[in-house]
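Shown here is one chain on its own, the form predicted on its own, set out as structure tokens.
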């Protein structure tokens, strides 16, 4: 039988420069898939309790998706895993592009690194033959330059993952880059790669990837493609600003269908909702203290999605993606061609810092991609520093002469350059808001917005309480790609999974803030489904189209021949989620310490704007969510009977 997985991993010990191929039993894939699930299985079982995230015992894994290469759509994502030096928790980062299939083409489902190399190296794999090579000549180059150098040497078909200067300097908000600017940005895992003195991976393989029933895979993908191609009439980007304004004032809403968002992604990319998100209260502004009144339409029109689309010269599709939300843009400045900035980057470098200058956002996005620094955390940390300066906690002497004021584009650019290079005030800020606030003191922690040490994304949980639940309660805190009320509506899981609640056709906004068993059930369903999806290598944006239209469960069955029910696949997601939580407990993490900062919860509610008067009580929401997984409702620790049931030792 053709299998969708390769059945083995590569373990690289950088301390002694050895490489070992290991066969992985079928039952591991049956329990965890690959991707994030396989990564969790290896890290939980192999990493000793209390391992230093920046020490030799931390294991860094590059994990391909279970469905990658099988003929399914939206299945080209890879997961970077390790113990996060930013949070001390389970760490992962997710990325698209072309790197995921390259791992499997080399004959492996994942490549893991332990130890610390005595000198800078990179890993080169030709088919399944792996070699560690001297990286002295490429150490110090930015991520794009390094990839270009390596592709000139090994050919344009080689896939490259690399750290930039931020990773080399062990910034705790650095990530790992591929495809000349795409970045697995979250959890600070670029710092782990940097401390290990591992500059890059270069993969060049041709091994085939199988599937149990290729004809069924093709049939299911044709069905999915019809939905993706379904056109909806969309006019100008400015229309969505008015939509956002309406959603801000209307007291009732209806469940969202992801087909609309898919069409927005096709036309504008993730930035299509820039103005709408600001108007409706989805986008945090002014370091989470502001509202749409601080960044009204007169300001947000400067980041109108049409302005960004007008710079696009070519659409960009990830591997196996029919949507193509990415793009290469032609802009002013040193780097003529650049990746189109994502919504998260635009708002983190824009409204969060009250910066209206679109050219500077393009410039900073490229600068951070080349440096390998997370744009979300970089923008959030800059906003924190600006507020500290405004409050007199930081002075002009502290900043090296920079006047850190809201909307001061020149000083924002200079500050982020300092962070990338760890120069002056930038050295203090290069590890994120929580660590910077602890070093600064003077009450700075009040203005450091984070969950467990990680800066949350540009989706305000006071607008959608589901974001605050997942920011606070996921094993990897501060993450926006795992669940929300909106996500549950668009996934439409109730159409396949028995027992899940169907949203009302019309409901009041106020009902989103009520605490009841249904809220816990839907939040847990999102977590289970996304753990499964990240094991499969699925794209969140594709999943938004709906589980009947993007048939993840059916693809898994056609790829494997297992014939499991949707409920049984959700149980695999539950097992992966619980294993990540068990990893945290093993390493001494107290789940309650990861609750998001009080400002983001609305403990002091805003007095104006879209989120006026709103408060999300995570303390009361947590027990219900934990109970859905069989975790202790007081501590968040998985119960022994739960671990036994899930066969987690």
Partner chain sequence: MSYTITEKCNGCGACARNCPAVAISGEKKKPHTIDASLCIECGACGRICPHAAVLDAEGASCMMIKRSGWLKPDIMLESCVACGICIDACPVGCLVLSELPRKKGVDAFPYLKDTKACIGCGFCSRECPVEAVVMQVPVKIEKVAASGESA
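Numbering follows the first chain given and starts at 1. In this text, all values refer to a predicted model and were calculated from it rather than measured experimentally.
As for the form predicted in complex with the partner chain, it is not shown, yet the points below apply to it.
> Quick check for you: of 515-523, 85-93, 167-175, 206-214, which stretch puts a non-hydrogen atom within 4.5 Å of the partner chain in the predicted bound form?
Among the candidates, contact is made by 206-214.
> With the partner left out here, check for me: in the predicted bound form, does some heavy atom of residue 101 sit within 4.5 Å of the partner chain?
Heavy-atom contact with the partner chain at 4.5 Å: present for residue 101.
> Going by a heavy atom distance of 4.5 Å, is residue 310 a contact of the partner chain in the predicted bound form?
Residue-level check for residue 310: yes, a contact with the partner chain.
> Residue-level question: is residue 320 within 4.5 Å of the partner chain in the predicted bound form, judged on heavy atoms?
Yes, residue 320 is a contact residue.
> Whether residue 238 contacts the partner chain in the predicted bound form should be assessed with a 4.5 Å heavy atom distance threshold; does it?
Because no heavy atom of residue 238 falls inside 4.5 Å of the partner chain in the predicted bound form, the answer is no.
> Scan 409, 508, 127, 289 and let me know which has any heavy atom within 4.5 Å of the partner chain in the predicted bound form.
None of the other options qualify; the answer is 127.
> Of 498, 119, 442, 222, which one comes within 4.5 Å of the partner chain in the predicted bound form, counting heavy atoms only?
Checked against the cut-off, the match is 222.
> Taking heavy atoms and a 4.5 Å limit, what residues of 171-202 are near the partner chain in the predicted bound form?
Going through 171-202 in order - heavy atoms within 4.5 Å of the partner chain in the predicted bound form - there are no hits.
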